[in-house]
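Below you'll find only one chain, the form predicted on its own, shown as structure tokens.
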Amino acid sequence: MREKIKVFLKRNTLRKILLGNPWIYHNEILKIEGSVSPGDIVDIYDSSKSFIGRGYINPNSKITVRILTRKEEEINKEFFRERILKAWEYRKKLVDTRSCRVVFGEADFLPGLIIDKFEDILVIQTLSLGIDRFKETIVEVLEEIFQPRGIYERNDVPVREIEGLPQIKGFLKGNFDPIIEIEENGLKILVDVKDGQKTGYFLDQRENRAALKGLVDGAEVLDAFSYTGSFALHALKFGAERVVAVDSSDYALELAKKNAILNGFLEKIEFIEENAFDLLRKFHKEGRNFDVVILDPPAFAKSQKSLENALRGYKEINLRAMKIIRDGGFLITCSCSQHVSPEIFQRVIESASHDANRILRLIEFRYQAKDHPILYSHPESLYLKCGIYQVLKKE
């Protein structure tokens, strides 16, 4: 029987935790009773010794405790089976489960765990020490529930080093071709689970890509930060006349070309390997205009400290984009920086429109796909913003 380690919280922390937030920071802890090793399961109490929940601890991390359950239950194989099955049932009600995010960390009450499904291949990330200790158990559960052809580990992310974990990636089950063909909104798309960004593909934009329908018919479209071309492909599927796809990665563009060939769109896409900031300035200087511009950059704000510089970056690319959009055209602009709130992002877009001497008409403001759920009690689970605007010249 394990020694019970007790973590007592300061009184001013209690409300946040009782409302459902799963993170406990080091400065929110009153005291710890018991001998603690990083990754241990601990019980959490308020200052009056009432039980609050159970989670795992890492004294070396700023987020010291992550809550797994509000019950006095064992954290074992059956616990993970139940949680993963609940997450899977949720997805089956809402999304095409041939390829989707199966587990989204804290939003599925499994802090630090990411599981993506690409057809019959699963990709797993265990991003914190506490959850990494259960990796073998989680893989066993996944094999039993999904019976996948293969499982790949994409733990080559810097955040693991903060937790005292190495960056690693590789096959956990099977020996398969890591480039997987999936279908999204009727398009065929190649996903590289070994060398692609994150787990190989950005499933979180699935519904935002589908929102291009009706905006791009007959249009000339610029897809900046195009990665492997999924927005570009959707634009062509929904009737765009021509698309310019821009990315700084030659590897991403090579896969984008293969995706274009796979869908019969190669003749309608121009691929440019260049920094998107530089190209937007160049297009403006040359007087080159588009009916629709799509901006889906990587996260500019990796931390709160980098927020100010990130906002300048978001403002610049949006300002440049607005200046090359024809009167009455459309801007689809995204931010995946968790530190940039929807309100801040919208203010940046508004400020950019003033400096660009344009009027914006909001069509809709969107978030991440439904298989990346948002918990109100955990604001960090809301990270992806997608604004769709009509851009009008001032008369």
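From 1 onward, residues are counted along the sequence shown. Everything numeric here is computed off the predicted structure, so don't read it as measured data.
Although not depicted, the form predicted together with S-adenosyl-L-homocysteine (SAH) is the subject of the following passage.
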Would Glu220 count as a contact of S-adenosyl-L-homocysteine (SAH) in the model of the complex, using a 4.5 angstroms cut-off between non-hydrogen atoms?
-> no
Is there a non-hydrogen atom of Pro297 within 4.5 angstroms of a non-hydrogen atom of S-adenosyl-L-homocysteine (SAH) in the model of the complex?
-> yes
So in the model of the complex, does any heavy atom of Ala276 sit within 4.5 Å of S-adenosyl-L-homocysteine (SAH)?
-> yes
Using 4.5 Å between non-hydrogen atoms, is Lys117 touching S-adenosyl-L-homocysteine (SAH) in the model of the complex?
-> no
For the chain shown here without its partner, which stretch in 93 to 101, 132 to 140, 196 to 204, 285 to 293 has non-hydrogen atoms within 4.5 angstroms of S-adenosyl-L-homocysteine (SAH) in the model of the complex?
-> 196 to 204
Which pick from Ser226, Ser128, Gln125, Asn318 sits with a heavy atom within 4.5 Å of S-adenosyl-L-homocysteine (SAH) in the model of the complex?
-> Ser226
Quick one: of Ser249, Gln167, Asn185, Ser306, which gets a non-hydrogen atom within 4.5 angstroms of S-adenosyl-L-homocysteine (SAH) in the model of the complex?
-> Ser249
